[in-house]
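What follows is one chain in C-alpha cells, specifically the form predicted on its own.
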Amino acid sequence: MNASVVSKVSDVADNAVVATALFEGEDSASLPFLSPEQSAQLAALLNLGPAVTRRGTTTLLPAGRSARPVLVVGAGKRGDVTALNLKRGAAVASRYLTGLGFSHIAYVARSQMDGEAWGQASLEGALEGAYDSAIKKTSDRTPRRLDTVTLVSTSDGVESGVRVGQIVGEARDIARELVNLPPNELTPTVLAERAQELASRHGLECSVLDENQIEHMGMGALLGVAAGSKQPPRLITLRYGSPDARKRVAFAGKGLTFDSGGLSLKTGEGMETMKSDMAGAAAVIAGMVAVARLQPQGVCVTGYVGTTENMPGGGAMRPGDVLTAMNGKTIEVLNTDAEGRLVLADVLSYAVKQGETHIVDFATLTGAAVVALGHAAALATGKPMSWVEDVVKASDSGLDRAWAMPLYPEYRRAMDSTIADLKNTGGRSAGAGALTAAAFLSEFAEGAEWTHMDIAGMAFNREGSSSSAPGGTGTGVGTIAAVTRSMASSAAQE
C-alpha cells in the first residue's frame, strides 16, 4: 500500500475519496472543501438532527459536479477525542469505502491531535477497516482493496506517524491472518514455519525447538499439554538486535493452535473460536516483524512462543497429574482446560534462563478477564507495578488498550497445592480467576520485571463491526511496537 502526505485537499488525486470527521456543533461551513452541492446536502441533513455527528456514523456526499465524493464520519464531541477514537473513525471510513469498491482514501485532518498521533491512527485505522477476513471463500466475489492512503495535513510529525502506523497496521494484519487460519492448516509445526519465513523476510534471527529438544530442556508443563495431540509442540524464538545492547526486552506468547479443553472438555459452542487461542503467539510473531521494520537502536528484542494443541487423545494429561516445569517447580493439574498457563510456565522459565530482564507476555488466558473488563481492554498485571504501568502506558499509546490490576499475595496463596508446589487453578471459590492465573505465572518469571497481558476479551471479534472484519484483531502488536520504541528512546538517553 502507498501512503503519502499532502498539505491541501486540492493536491489529492482525482480518483480518491475524501474522508473527514465532523464534530458535534459543527456545520457544513466547517468543511470548506465541499462543493456547493455537497455543502447544501450536509446542511439539510444537519437540520434533521444530530445523527450525522454521532460518533461512528457515515454520510457519503456524492461527487455531483465536484471532483470527488466526500465521506463524513461522525466524531462526537471534540473534547472526547483520543488517538484510539481517531483510529476507529479512520477504520469506519475505510471499511465503508472499501466495501463500496474505493481503493484510494484521503483523510483530512480536523483534530487537535493532528500530528504524529493522528498520522499513526489514520494509517492503522485505514488498514484495519480494509482487512478482509474471508480468506477461504471460493465464491465469485471482489475482495476489499486499499491501494493508496493520502493524509491531508500541515502539522509536524505526520510523516513519522504515517511510517509507524503503516508498519504496525501491516503487522497487525499478519497477526489477524494467523488467527483466522483454520486449525487444520495452522498446526504448531506450520506456525513455526510461518515464523521462520517472516524472520527470513525481515532480517530476524529465528530458532525453533522441536519436541525432543523441548523434552531435553525439561519443559514438562508444555509437554503435558501437548501429550493428548498427534501434533508435536514447538518453541519459537525470534530476535532483533544484539543481546549486548544497552536495553533488553522480551515478549512471550501463548500459542494454542486449537484448545478443546483436553479431558476437561469444552462445550461445542465453547470450541467454535478456539483456533484463536494462539492470538498471543500471533501478536508476538507479528510484533517482532514490526520491530524489525521500525529498526529501533540500542535495544535487543526477543519474542518467545510456546505452541501446541490441547486435545483429549489417549495420552492426554489427566486431572490429578503432576507436571514438572522447566524451572523445577511441580504443578498439580486440576483442570486440563487451564492449559495456557502451563505452556507459559515453561516459556517464561526459558526466557528468564536466557537472561531476559524485562518480559511482557500475551495470552488469551481466562474468561475471568472478559468478565472483569469485557471487550474494552486487556487486563494487565505483574511485578513490579512500575513495569506494569509502563507497559499499560505504552499499550494505550500503541492503540491497544489495557487496564492495570493488582497482584495481591492472596491470589498466589489460592494456587497452593497439597501435594505439589502449585495447582493450575484456584477454582471458583477463590474468585479473581484472571489474577490467580497471573499469580501462578509469577512463579515462572522470577528474576525479571514481568507484565502479564490477558487479551482474552480483545483478541477475537466474533461478529465484526462497522470498523473491523470478524476474526482476529491483532491486539498486542501495537503494545510490542510501543514498548520497544520506549525502550529504544530510553537507551538513547543513557
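Note that residue numbering follows the sequence shown and begins at 1. These numbers come from a predicted model, not from an experiment.
Note that the form predicted together with a small molecule isn't included here; everything after this is about it.
In the predicted complex, at least one heavy atom of residue 456 sits within 4.5 Å of a heavy atom of the small molecule.
Although the partner is absent here, residue 366 is a contact residue: one of its heavy atoms lies within 4.5 angstroms of the small molecule in the predicted complex. Among heavy atoms of residue 397, none comes within 4.5 Å of the small molecule in the predicted complex.
Taking non-hydrogen atoms only, residue 361 never approaches the small molecule to within 4.5 angstroms in the predicted complex.
For the residues 311, 97, 164, 274, the 4.5 Å heavy atom test against the small molecule in the predicted complex is passed only by 274. Shown without its partner, this chain lists 383, 266, 202, 401 as candidates; in the predicted complex, only 266 has a non-hydrogen atom within 4.5 angstroms of the small molecule. Stretch-level contact check against the small molecule in the predicted complex with heavy atoms at 4.5 Å: of 152-160, 346-354, 331-339, 119-127, the positive one is 331-339.
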